[in-house]
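Here's a solo chain for you in structure tokens, the form predicted on its own.
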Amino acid sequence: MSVPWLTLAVLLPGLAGVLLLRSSLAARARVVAVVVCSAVLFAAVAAARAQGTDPWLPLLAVDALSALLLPFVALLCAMLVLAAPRAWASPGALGRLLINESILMAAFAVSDLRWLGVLWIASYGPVVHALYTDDADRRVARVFLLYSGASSAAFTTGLLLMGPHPLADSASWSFFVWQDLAQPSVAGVALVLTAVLLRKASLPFHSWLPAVFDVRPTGPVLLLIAPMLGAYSLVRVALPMMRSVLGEHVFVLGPLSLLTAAYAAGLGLVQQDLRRLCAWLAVSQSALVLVGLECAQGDGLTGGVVVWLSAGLSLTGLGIAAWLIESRHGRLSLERHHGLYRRSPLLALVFLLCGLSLVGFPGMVGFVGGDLLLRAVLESFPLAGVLLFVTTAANGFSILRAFFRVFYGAPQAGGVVDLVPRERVALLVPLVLVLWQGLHPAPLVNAGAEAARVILLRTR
């Protein structure tokens, strides 16, 4: 009998997270979380290699796209557990992280769209719980609850109104009162697209994510945006029906996402706080993925998928570096130079290289995806393609400006900041992947092309 790797990857972190939430053994919480995350990463890689339906839970299955996303989520969570500062790594915080991991793993593997709607709602739960239980600004908690509630309502209502889905078995839709709809409704597709824009902080729903970044540590907030559940739900739910509902040549998300990316990049130029700069970089990169997913050409889809993974890896390294900088030196203003290079050379290296990867610097993982995406954008949205150049230039300037302000200037007094081994692993693993996949991009591009082929088959 085959091993149920996918079941283990989905259920194990959730069960461990619940146990940690109910535990008071703070000294052992990280050890438990590291062991669980390591096991989940191994199981996710094994499930991705096997693909197909899980032998224990037929509700779960792995295809070419989820085979990329499941190991990425597992890796991201493992690095966050390793990097978490001691002051943050309480049983409650680590338990929420593991529960969030379980929800995301299930969302990327579930084959029933009803359960995807449930998991969409549940994925907001750990963040809402953290905002209301920790010493966060309650105003931000209310804003996040408003946006997450609107996103959840739009997504679930859109699923109901869309009627029978071309990728769903008709029996799985017997739950819905609109099951007799002969054609998917425009309102249903529009609501799902609205939910995606809300979740990805796209214009005009962009204000909530920087606000959450402002009151929550940079590392854990990456789980909100780096896996890009909104983009995955777009591919699973709305994209297969958009052509039949909106027409062959109607582009909705591409130009709007390009505008969002450029707008976020422009706001990044004027940020005077490192944490808020990371927030706007995340918004800008997240928007670019939607551009590729709506490009009609296969290269554009491939570029969108590759940017999806490359941006996630780069944001992981950049976010963890910023988190560790802040844990040692406090929140840093970008209005002056701090001179931290001599005290934190490894942090400086990871911050710079992962930041440059975000803007497609040659030799790094972001270069290939950015090149494919650029060519597709110029073919699909030629009038709006200039925004991609503007976005890339603005983000590159912001990253270099932040690097020089944080690490250059008069050297700060004190010796070299010692990083414990777990922190070095959390920094070096994303960095090695960014460089290795940049120098040897063929496996990632081939996997992205296969995922793009699956997406194209769904849209026909």
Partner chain sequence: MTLDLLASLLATSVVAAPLAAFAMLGLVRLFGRSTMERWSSRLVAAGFGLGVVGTVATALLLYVDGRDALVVHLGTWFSAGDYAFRVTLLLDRLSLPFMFLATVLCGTIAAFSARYLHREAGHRRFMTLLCLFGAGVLLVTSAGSFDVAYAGWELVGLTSALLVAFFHEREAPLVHGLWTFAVYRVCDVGLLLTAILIHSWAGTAEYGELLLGGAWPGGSTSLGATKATAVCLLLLFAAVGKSAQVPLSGWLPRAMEGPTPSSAIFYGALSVHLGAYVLLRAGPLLDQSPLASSLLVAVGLATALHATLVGRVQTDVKCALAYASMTQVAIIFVEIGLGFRFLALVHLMAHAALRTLQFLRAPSFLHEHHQLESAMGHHLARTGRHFERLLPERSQRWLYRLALERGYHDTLLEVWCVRPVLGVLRWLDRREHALVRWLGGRA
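Numbering follows the first chain given and starts at 1. Keep in mind that what you see is a predicted model, and the values were worked out from it rather than measured.
Unshown form predicted in complex with the partner chain; subsequent notes refer to it.
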Tell me, yes or no, whether residue 270 is in contact with the partner chain in the model of the complex, where a contact means a heavy atom of each within 4.5 Å.
yes
Would residue 438 count as a contact of the partner chain in the model of the complex, using a 4.5 angstroms cut-off between non-hydrogen atoms?
yes
Is residue 64 close to the partner chain in the model of the complex, meaning a heavy atom pair under 4.5 Å apart or at it?
no
Residue-level contact is defined here as any heavy atom of the residue lying within 4.5 Å of the partner chain in the model of the complex; does residue 28 satisfy this criterion?
no
Three-residue site 341, 397 and 424 fully in contact with the partner chain in the model of the complex at 4.5 Å by heavy atom:
yes
Report the residue, out of 206, 114, 129, 216, that has at least one non-hydrogen atom within 4.5 angstroms of the partner chain in the model of the complex.
206
Pick from 102, 123, 302, 233: which residue has any heavy atom within 4.5 angstroms of the partner chain in the model of the complex?
302
For the chain shown here without its partner, which stretch in 149-157, 346-354, 115-123, 225-233 has non-hydrogen atoms within 4.5 angstroms of the partner chain in the model of the complex?
346-354
Can you name the residues of 357-379 that have a non-hydrogen atom within 4.5 angstroms of the partner chain in the model of the complex?
359, 361, 362, 363, 367, 368, 371, 372, 374, 375, 378, 379
